[in-house]
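Here you get one chain, nothing else, as structure tokens; it is the form predicted on its own.
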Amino acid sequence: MSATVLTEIVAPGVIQITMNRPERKNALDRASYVGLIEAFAAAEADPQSRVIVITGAGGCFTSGNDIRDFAAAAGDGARIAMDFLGAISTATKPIVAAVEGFAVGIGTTMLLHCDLAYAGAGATFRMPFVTLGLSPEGASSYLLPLVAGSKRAAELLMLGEAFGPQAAQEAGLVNAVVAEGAALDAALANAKALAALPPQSVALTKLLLKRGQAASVAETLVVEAKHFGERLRSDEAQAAFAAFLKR
């Protein structure tokens, strides 16, 4: 497993996946995405695992894609990110997120595929795709209007400004806001509660909850990936990346 992604069994039936590049605020490069894909595949295949908890090291969820890595990779970076989104969106086991610090870009959109999510009071969310000359990903152009409403989704995706945990809760991205530093405790408490329930019933309930959206989510991921890859190679995106890297 990649050192940028750590996995551990933290309670009976509960597997914790930790994004682990604290020196880069857990920015996701290609190695990180490979590690996440492998970790989710292993958790899905393990008959002893019942619930997946995803979090970040060093008091930060993830600052999103590693811009330097993405700028160098062009289409390759987009493809591996979309592979991860495919994995998290089709996971059959419950996923519980614990968000502290930054949740930027895919750090926010992946929450749309988590079954439960808890944010510390100091968390900051942002989807700066337009700011970077890109376009939405993670099926956010479909799922975010469903949970947040079309006007709020347009505001968050088009303006791309930062917002706090209370706004994230109001937009349907997290279940609850807890004290700063307590998100993982809240996530683990609920993960343990899920793991103690009849596993087939839990899995079936998740399947039924996702059933009505599954085809549309899969289709949207493909359409978004096409546009995202094109935007990644655009002059606008490359100029935005260059400006970002000069800061």
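Worth saying up front: this structure is predicted, and the values here are computed from it rather than measured. A residue's number is simply how far along the shown sequence it sits, counting from 1.
There is another form of the same protein, the form predicted in complex with a small molecule; it is not shown, and what comes next is about it.
Listed stretches are 110 to 118, 171 to 179, 153 to 161, 96 to 104; the contact stretch with the small molecule in the model of the complex is 96 to 104, by a heavy atom cutoff of 4.5 Å. Proximity to the small molecule in the model of the complex, taken as a non-hydrogen atom within 4.5 angstroms, holds for one residue of Ser63, Thr55, Thr220, Asn190, which is Ser63. The partner is absent here, but in the model of the complex a heavy atom of Ile67, alone among Leu197, Ile67, Ala31, Ala42, sits within 4.5 Å of the small molecule.
The closest non-hydrogen atom of Leu144 lies beyond 4.5 Å of the small molecule in the model of the complex. Put simply, Ala139 is far from the small molecule in the model of the complex: not one heavy atom of it is within 4.5 Å. The small molecule in the model of the complex is approached by Pro128, whose closest heavy atom lies within 4.5 angstroms of it. With a 4.5 Å cutoff on heavy atoms, Arg24 counts as touching the small molecule in the model of the complex.
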